[in-house]
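To begin, one chain is listed below as structure tokens, in the form predicted on its own.
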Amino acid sequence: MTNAHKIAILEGDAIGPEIMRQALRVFSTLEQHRDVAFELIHAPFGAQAYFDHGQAFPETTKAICDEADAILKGPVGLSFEESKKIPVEEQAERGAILPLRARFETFANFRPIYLSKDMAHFSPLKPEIIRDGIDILLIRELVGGLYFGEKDRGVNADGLRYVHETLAYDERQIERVVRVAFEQARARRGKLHNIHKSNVLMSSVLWNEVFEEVQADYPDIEVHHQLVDAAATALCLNPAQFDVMVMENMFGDILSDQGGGILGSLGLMPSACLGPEKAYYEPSHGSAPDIAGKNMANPYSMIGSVAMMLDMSFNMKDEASFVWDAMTEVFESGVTTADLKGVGDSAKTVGTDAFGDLVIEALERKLAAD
């Protein structure tokens, strides 16, 4: 079969396996309706991988990811107390996530911040602010900045503990992610917000210089420059002003979580992490160990990450749209999940498995009718 895809499945920790189970049902459903096959190869990754294998990102997992056409990753990490049992360098974020990004140079992180008009009641923002819903694409540089700069800690000559962390970018790193953002703006509504902190940070001064050089290639795009703190305010006061936003690593980490807040839950935020040759896909949220095993987690962001993979790695754009439409249909029917409970007296709260059932039923109908 020519339409065969090999996917590395990294379930992660806590709620990871629960929401991953629902996401994987999309692949088997598509196999029943399309001339396509998915080879799903499971591999350990995260905190539990450290306890089981002595490494958060084991060598066997690296080999599986190397051979895969794409990678689907669940959230990782355990509770604060459990995490203290793991050496700092092997804790899930440092020992698994950052090395995964570095290994495949996944420099462009796509985080859609989306609510349809009929899902707008999920947002904590007032209806007059949300109006017809929210549709923003946040592009975050993912392999540079403070998270990947040189780090040092110790005790200085005065006997004081210290830490040094370096925020480092070069023009190539900036240029490539800015160009991705311009291309996305061109494919959407033609507007791009450049988010920076050039009034304080020299890294933002260079960022803006490179941004303006790239901008010369895109005269058709409406460009706005905004300080990151002002952007945080604007996201709450008038999210409709944004189409595509581009920013460096830490700014993107923070503002994308704020994006989840204006939606009503990070459970509504899937993401894609694209490199030159390979991509991985993951929910933007954490592993929520407090609700693990309770069938309460919202699998929207995990299923949405599959939709992004279908679109961006496998060029299955129609099928990806069907997945998005299926999830939107379920929420618009009056169903909610525990993380969104309280947004309406008439909403019926369902668990992880039941939400997956409803999405797959809707997806089946759409595929059968196509």
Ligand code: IPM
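When you see a residue number, it is the position in the sequence shown, counting from 1. Here the structure is a predicted model, which means the values were calculated and not measured.
Absent from the display: the form predicted together with 3-isopropylmalic acid (IPM). The rest refers to it.
For the residues 123, 194, 106, 284, the 4.5 Å heavy atom test against 3-isopropylmalic acid (IPM) in the predicted complex is passed only by 284.
Taking a 4.5 Å heavy atom cutoff to 3-isopropylmalic acid (IPM) in the predicted complex, the contact residue among 179, 278, 101, 224 is 101. Contact with 3-isopropylmalic acid (IPM) in the predicted complex, defined as any heavy atom within 4.5 Å, is confined among 183-191, 91-99, 152-160, 165-173 to 91-99. Although the partner is absent here, residue 251 sits far enough away that none of its heavy atoms falls within 4.5 Å of 3-isopropylmalic acid (IPM) in the predicted complex.
Though the partner is left out of this view, residue 147 does reach within 4.5 Å of 3-isopropylmalic acid (IPM) in the predicted complex, counting heavy atoms only. Interface residues of 43-78, taken as those with a heavy atom within 4.5 Å of 3-isopropylmalic acid (IPM) in the predicted complex (partner not displayed), are absent.
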